[in-house]
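Below you'll find only one chain, the form predicted alone, shown as structure tokens.
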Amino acid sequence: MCKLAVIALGGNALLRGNQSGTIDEQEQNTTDTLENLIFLLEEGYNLVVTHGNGPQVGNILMRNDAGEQIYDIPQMPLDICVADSQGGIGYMIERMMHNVLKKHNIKREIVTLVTMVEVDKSDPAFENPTKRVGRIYNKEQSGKLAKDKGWEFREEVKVKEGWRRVVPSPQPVSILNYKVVETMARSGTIVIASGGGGIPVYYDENGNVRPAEAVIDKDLAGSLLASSVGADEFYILTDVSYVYINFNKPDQQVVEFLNLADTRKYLAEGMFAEGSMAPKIRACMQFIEKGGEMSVITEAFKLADKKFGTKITMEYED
């Protein structure tokens, strides 16, 4: 049976920090990243691709805001904005993938799925919203929106008198269409799914699917997706070539191979910063704990060069 890998595109895989975010920039970054996946296809892997959506969904929210203020167009809720970003980014990845495969004379079907991800409405995250989304408002604007829409705001540290909306970031519980993803992926179709962490939904008391005004960590959702479809390997493509311990200290050290026990120990010691590397480490650990063979964290454009990347397994690689 062909090996199955789930690839999570993040960091500069789609958009680099020094770029304005034009479609030309995003398409070129996507193409460069997808070129690095070709070796997996040539080695016979089946692929599922997932991706982040932070800058893109932020822009959608700001367009929402401008449309309401200028043209009186009703704002769409956060779940619709996440779905919009899944469709737009998925389309871009799918189209660039078609062109990359054509260049390498590889024939594979590609499909993008708008993906719902279940969360638990009793998750403590709903009592403590922390994820900042959308534009920055002044105190008067944020106060009015809090009153009119019930939104919560937190003061921005780097912007004087700036306030930004915060939403919960609950744990993903299940990928609603993972069986479809697995069936198609194992048949050889390249599946793009669970973008931006998925659209957060929950089941109400009647068993109906309801939207949750929240966002899900894309790496944790990617890890859950990888475990759900029985993937052998899980890759997180970001903007660093390796994971470091003692990062930015005189004794900073690259780690190329980590076993699960040492990874858990370093995480407990605070070696990985919250808000950057720690969520990625947790996602990789969860995949290994659920039976995955290997997780890899590496730079988006260096995956094909196997000398790069930190590999996490149950035990050390020989």
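Everything quoted here is computed from the prediction, not taken from an experiment. Sequential numbering from 1, following the sequence displayed.
Quick note: we don't show the form predicted together with another copy of the chain, though the next part is all about it.
Checklist entry - Considering another copy of the chain in the predicted complex, which of Asn46, Gln26, Asn53, Thr33 comes within 4.5 Å of it through any heavy atom? => result None of the others qualify; the residue that does is Gln26.
Checklist entry - Here the chain is shown alone; which of Ile199, Val119, Ala185, Val243 has a heavy atom within 4.5 Å of another copy of the chain in the predicted complex? => result Exactly one residue meets the criterion: Ile199.
Checklist entry - Is there a heavy atom of Gly162 lying 4.5 Å or less from a heavy atom of another copy of the chain in the predicted complex? => result Because no heavy atom of Gly162 falls inside 4.5 Å of another copy of the chain in the predicted complex, the answer is no.
Item to check | 4.5 Å heavy atom contact, Asn177 and another copy of the chain in the predicted complex | outcome: Asn177 belongs to the contact set for another copy of the chain.
Checklist entry - So in the predicted complex, does any heavy atom of Ile106 sit within 4.5 Å of another copy of the chain? => result Contact with another copy of the chain, no.
Checklist entry - If you check in the predicted complex, is Asp232 within 4.5 Å of another copy of the chain, heavy atoms only? => result Judged by the heavy-atom cut-off of 4.5 Å, Asp232 is well away from another copy of the chain in the predicted complex.
Next on the checklist: Looking at 243-251, 142-150, 93-101, 163-171, which stretch has residues with any non-hydrogen atom within 4.5 Å of another copy of the chain in the predicted complex?
Outcome noted: Single hit among the candidates: 93-101.
Next on the checklist: Counting only non-hydrogen atoms and a 4.5 Å threshold, tell me whether Gly17, Ile38 and Asp239 all contact another copy of the chain in the predicted complex.
Outcome noted: No, none of Gly17, Ile38 and Asp239 comes within 4.5 Å of another copy of the chain in the predicted complex.
Next on the checklist: Given a 4.5 Å distance limit between heavy atoms, list every residue of 101-123 close to another copy of the chain in the predicted complex, or none if there are none.
Outcome noted: Going through 101-123 in order - heavy atoms within 4.5 Å of another copy of the chain in the predicted complex - the hits are Lys102, Glu109, Ile110, Val111, Thr112, Leu113, Val114, Met116.
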